[in-house]
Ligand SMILES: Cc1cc2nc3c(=O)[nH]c(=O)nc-3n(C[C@H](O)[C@H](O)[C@H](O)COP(=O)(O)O)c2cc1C
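A single chain comes next, written as structure tokens; it is the form predicted on its own.
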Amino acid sequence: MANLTRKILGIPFKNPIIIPSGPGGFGQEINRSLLSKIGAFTIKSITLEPKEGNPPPRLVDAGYGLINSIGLQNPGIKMFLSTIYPKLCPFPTKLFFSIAGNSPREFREMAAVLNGIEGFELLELNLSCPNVKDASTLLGADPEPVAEILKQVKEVFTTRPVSVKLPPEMPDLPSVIKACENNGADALTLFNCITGARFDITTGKPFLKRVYGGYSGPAVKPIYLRKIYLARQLTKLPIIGMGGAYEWEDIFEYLLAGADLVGFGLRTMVDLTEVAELPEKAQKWLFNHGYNTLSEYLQSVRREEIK
């Protein structure tokens, strides 16, 4: 079958499929043989101090997607590194470490600790969680805090690449991307969930305690493909694209839009076994259409675009 390997930021990936931060938790309860079939796995975002998360209900069905309001529940970086992380390593595929915070100081403190921790290939800065009341909701939409956080992180984290996870809703995408480029970002994770809400017509109240949460699912795919395409016109940084990817065909669509890796979030929550089967389906399609490698396919179709 066709070869799906990619090399991004000097890191070899067996295929471009990744599991974004959140849907797979910390990965400790997932079948490791399934994880071994995925290009990379991102742990659920860790904060400096423990977080209890939002009160239930935290999930609501929204037809062609799901609204979640987890609220960054996690044990804090100190407890995570001492109790959970040692059980994860060695991880069966490439591992990305995600951190979230409310200030440049918090990101710097966590990055300094992680600089000497082995076992993961990339540090992701979550500047875009849609499910918390504090400043981390807005950080990624403003070039000034993005720049300052990156400066602080890059001063103390020097051993591996850093990617910035941005929100889909922001007034000035070009300025934020420029802030990432000018302050040492090695990659961009585009994008976190768009915000959404649902209301119970019987009670008249919102389903979620916080009213709104992060909406994800196939319905947002065209919106996110456009956003990723626009971002690709603005930067040459590697893009970890996500938001709406669900079927094997989406691997190709997101790569054609400008992504280098493709995240499958909601599909992971529905059935990780199905996510693990996506690479083989993509390989068969490439082979049946006369391509031996993913790179060969991308070069071919892009040559046709140029013509």
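Every value quoted in this text rests on a predicted model; they were computed, and no experiment measured them. Counting begins at 1, following the sequence as shown.
Not pictured, yet referred to below: the form predicted in complex with the ligand.
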Using 4.5 Å between non-hydrogen atoms, is residue 251 touching the ligand in the model of the complex?
no
Residue 45: heavy atom within 4.5 Å of the ligand in the model of the complex?
yes
Indicate whether residue 20 is a 4.5 Å heavy atom neighbour of the ligand in the model of the complex.
yes
Please determine whether residue 217 contacts the ligand in the model of the complex, using a 4.5 Å cut-off between heavy atoms.
yes
Of the residues 70, 282, 255, 35, which one places a heavy atom within 4.5 Å of the ligand in the model of the complex?
70
Residues 165, 243 and 269 are flagged as a possible site; in the model of the complex, is every one of them within 4.5 Å of the ligand by some non-hydrogen atom?
yes
Which one of these stretches, 273-281, 27-35, 48-56, 62-70, sits within 4.5 Å of the ligand in the model of the complex when only heavy atoms are counted?
62-70
Using a 4.5 Å cut-off on heavy atoms, what residues in 175-205 are near the ligand in the model of the complex?
191, 192, 193
